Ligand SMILES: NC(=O)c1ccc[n+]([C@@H]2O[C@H](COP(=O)([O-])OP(=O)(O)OC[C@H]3O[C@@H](n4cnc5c(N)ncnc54)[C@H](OP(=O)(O)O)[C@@H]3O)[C@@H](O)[C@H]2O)c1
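Quick heads-up: it's one chain on its own, the form predicted on its own, in structure tokens.
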């Protein structure tokens, strides 16, 4: 298949593009500068522009665009930047997919769609939660509707925190844990819908090739972990003790809504859509995923 990727230079895209090429797909990359390679096509999302011919012969568009949620504090201005970095590219690509008759759009979203689920297990049939991230994901996914209305198969990837040797969640936590500053957040009972990068990349390729997979798809391992368990297992994988607790009220005082939604809230999410299609997880268990990511 000829696949056009937006966000190919990011954390996920830089792993996905070579994996798709290795699997026999032709990969084209959307870039926001003048194209220099034969595999590059130019675009300008704020201006609503894509180079003429960028979608010629394209069988699928994969949109991974989005400014990182951390570590910058969520001021009103920064939250608007977070929204614009997701909604603008999605709006442009969904319209282009609809106009050019591209049969497939795979679009990023997040497990934050569900808000704070507490002990309740949620899957793709569950409703939207509350909070900034839930509203962001709702609006983000809504931007794909022109593509689905035009008859394209649309897959909306509700991704959880990603475990990898470089970048992702561990890129933020590894330094603190190695300095023996690894801490449980709040009471530690909130769930983390984690996924290893290898499984995430494989699941996107699976979505590309399985025409029965459509709509929201939770990209998380089958066994979400409580924060206390995750902290303990990460400390074990790094060979560091984890004696500390970061109280929820301290986190809220330092980071406000950002701490509430990213550290204190949790989603007990299950990848029901992938399990129904018998997707083979390489790392379904947290200790194995952390051992691989910290090796």
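Keep in mind the model is a prediction, meaning the values are calculated, not measured. Positions refer to the first chain, counted from 1.
Omitted here: the form predicted together with the named molecule. The next part is about that form.
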Handout entry: Site test, 32, 66 and 109 vs the named molecule in the model of the complex, non-hydrogen atom cutoff 4.5 Å
Key = yes
Practice task
Taking 4.5 Å between heavy atoms as the contact cutoff, choose which of 223, 85, 128, 148 touches the named molecule in the model of the complex.
Solution key: 85
Exercise for the section: Mark residue 191 yes when one of its heavy atoms lies within 4.5 Å of a heavy atom of the named molecule in the model of the complex, and no otherwise. Expected result: no
Exercise for the section: Indicate whether the named molecule has at least one heavy atom within 4.5 Å of a heavy atom of residue 12 in the model of the complex. Expected result: yes
Problem - Contact of residue 152 with the named molecule in the model of the complex (heavy atom, 4.5 Å) - result: no
Practice task
With heavy atoms only and a cut-off of 4.5 Å, decide whether residue 159 touches the named molecule in the model of the complex.
Solution key: yes
Completion exercise
Given 174-182, 113-121, 208-216, 85-93, the stretch touching the named molecule in the model of the complex at heavy atoms within 4.5 Å is 85-93
Practice task
Scan 116-150 and note down the residues that get a heavy atom within 4.5 Å of the named molecule in the model of the complex; none is a fine answer too.
Solution key: 140
